[in-house]
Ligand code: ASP
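Listed next as structure tokens is one chain, alone, in the form predicted on its own.
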């Protein structure tokens, strides 16, 4: 029988109303499992562990990613797959971060959450959890079908580092704008086998560490030069994600380009991500992005903001060589980037 470890970090999927009914607060994992007795009918042996103090996903940070990774690593040999219960707000960041940390992953790591607490009548938590366990437990030719970090939400299976949360209200809260859905749960579980990721690394290991000396700067019409200058001249920053217009365009202001050039020359790694939900950055396609390219800004293609930011933090922790970090940002490490 397939063995699955459920890791509960917190989030809406495990929330109940507070005593005064004004807020939602987390409760313990055994309560979650008792609420869904159907889990015991699955052809899988289920165990569970949890954060000592479950957290709202808005409080998730790199130390939390490291904690989840350690839980998987400590139990990797004992289980066939892992299901991580996580709040939906920052779930895509966590999925992306974990994908970079897990080298040589040969087992499924499925993240899921819900839009409504598990105790509510119309909750989506029940189906999301059951379906996630089913996806994690599925094998073929004596090996797991899924061997990567994925997100399961509303009967769909996505690559973790390709997802974005796009709705605060819909049950199908996530999208994978630039990569196909990996699987779908209907009467049967169906997979797009050609799109499933397989690691080239030999042995499983966790590569930890994230440098938090990064920032995100969103371009907008009328942005004050002083604002941009204050960010680019911040000597505490090692990396910057620029969220630009369309296919990677920004105001064609010479002073802006000069500031970007100086920041890059000082060793800051600046990367370019589009504000659009779908599509990619193509620096040089329009004149308004040629200056960014000449300044040394790195195009991140069709990567999501979540995948880009966590990747930049991950790489900056590994080296002080800005050129190496830029090269790796352009490299497809875990299926996060279309080359």
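Residue numbers count along the first chain shown, from 1. Note that the structure is predicted; figures quoted are calculated from it, not measured.
Note that the form predicted in complex with the named molecule isn't included here; everything after this is about it.
Put simply, of 88, 123, 247, 178 only one has a heavy atom within 4.5 Å of the named molecule in the predicted complex, and it is 88. Residue-level contacts in the predicted complex: of 57, 35, 288, 299, one residue has a heavy atom within 4.5 Å of the named molecule, and it is 57. Contact with the named molecule in the predicted complex holds for none of 94, 159 and 335, as no heavy atom of theirs lies within 4.5 Å.
Residues within 4.5 angstroms of the named molecule in the predicted complex, judged by any non-hydrogen atom, belong to 109-117 and to none of the other stretches in 255-263, 206-214, 221-229, 109-117. By the criterion of a heavy atom within 4.5 Å, residue 165 is counted among the residues contacting the named molecule in the predicted complex. Put simply, residue 15 is close to the named molecule in the predicted complex: some heavy atom of it is within 4.5 Å.
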